[in-house]
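First, one chain by itself in C-alpha cells, the form predicted on its own.
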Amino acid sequence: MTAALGPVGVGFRSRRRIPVTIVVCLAVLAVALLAVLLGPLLFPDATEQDILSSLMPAGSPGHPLGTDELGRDILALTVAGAASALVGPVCVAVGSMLLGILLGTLAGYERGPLDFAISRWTDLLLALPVLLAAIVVSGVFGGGYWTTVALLILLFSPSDIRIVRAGVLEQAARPYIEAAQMLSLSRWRVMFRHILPNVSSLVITNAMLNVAFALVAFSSLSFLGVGVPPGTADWGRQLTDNRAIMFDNPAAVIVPAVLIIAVACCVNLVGDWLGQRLTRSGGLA
C-alpha cells in the first residue's frame, strides 16, 4: 500500500511546487516592495543637488551608480523613486478592478437596459487612446500624480468590466445559480457571494496585468513630463531627465529602464501563474 501511494504523493508535491521562474519573480517583487516601503527612510534627501559631484560615472566612491548632471545620486534616486513608480500603478489596478467587479457583475447578471448602457459606456472608453487622453486631460486640468491615477482607473476599467461580465454570463446559466434563485436569495447575494468567487481567477489575473500596463503607462507619461512634476524621484522621470547624459553615465538611464521592464515582466508572469492556480483550484469559492 505504501509503495502504491508513493508516486501519488510525489506527483502531488511536484504539482504544488512553485516554478523557479516564479520564485525569482516573487523575489524581484519583494525587493521592489521593500524599496517602496523603506526608500523614503533610507534616502530622505534623494533629490538634493550637489553640482560639484555632477556626472560622476558608476563605481565612483560613495556613488555606486554615479550621479546625474545635478549631482543627485542615481542609487538614491532609484530606490526613492520606487514609491512614485509603483504605488500609482497598483492603485490604478485596484480601482479598475473594483469598477470592473461592480459594473461587470451587474451587466452580466441583470442584463437588459443596464447591460446595454454599461456595454456602450465600455465601448466608448475603449475607443479612447489611453496615453493621448491622459496627456489632453493633464493639459486641461493641470495634471498631477493623483489626477493621472484617477484618469487611468477610468481608462483601464473597460477590460475589467468586459472580463467580469463574460465570466458572470457563463456562471449565471449554471444549475447552482438556478438553485440559489429558487431559494429566493437576494440578487446581490447571488451576484457577489455565489457568482463572483467563481470568476475570481479572471479578475485577479487581469488585475495583475493592469499593474504591469499601468506601470508602463505611468513611466511613459512621466517621460513625457505629464505624470510627475520635475525634480521628483520617479523611474519614468529619471529617463527623461537623464537621457542627455546617456554617454556620460549610462547607469542613470539603464537602471530605471531595466527596473521598469523587470517589474512589469515579473508582475505579468506571477499574475499568469496565479490565475492558472486559481483556475485549477476552482477560484476563491
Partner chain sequence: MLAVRVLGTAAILFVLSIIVFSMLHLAPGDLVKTLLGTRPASPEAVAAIREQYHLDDPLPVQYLRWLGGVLSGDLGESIRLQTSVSDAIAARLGLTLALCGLAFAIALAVGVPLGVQSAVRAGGVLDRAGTTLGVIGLSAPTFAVGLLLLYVFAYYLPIFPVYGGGRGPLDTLYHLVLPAVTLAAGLGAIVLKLTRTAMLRELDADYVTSARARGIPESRTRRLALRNAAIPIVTGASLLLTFLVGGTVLAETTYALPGLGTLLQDSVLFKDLAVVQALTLLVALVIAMIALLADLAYLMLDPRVRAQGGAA
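Positions refer to the first chain, counted from 1. Everything quoted here is computed from the prediction, not taken from an experiment.
FYI, the form predicted together with the partner chain isn't displayed, but the following is about it.
The single option of 35, 65, 233, 226 touching the partner chain in the model of the complex, heavy atom within 4.5 Å: In short, 226.
Stretch in contact in the model of the complex with the partner chain, which is absent here, among 177 to 185, 145 to 153, 132 to 140, 83 to 91 (heavy atoms within 4.5 Å): One stretch meets the cut-off, namely 132 to 140.
is_contact(residue 40, the partner chain) in the model of the complex, heavy atom dist at most 4.5 Å: Flag for residue 40 set to no.
Non-hydrogen atom contact residue 27 with the partner chain in the model of the complex at 4.5 angstroms: So residue 27 does not count as contacting the partner chain.
4.5 Å heavy atom contact, residue 261 to the partner chain in the model of the complex: Judged by the heavy-atom cut-off of 4.5 Å, residue 261 is in contact with the partner chain in the model of the complex.
Any non-hydrogen atom of residue 216 within 4.5 angstroms of the partner chain in the model of the complex: Yes, residue 216 is a contact residue.
Residues of stretch 224 to 259 in contact with the partner chain in the model of the complex (4.5 Å, non-hydrogen atom): Residues within 4.5 Å: 224, 225, 226, 239, 243, 246, 247, 250, 253, 254, 257, 258.
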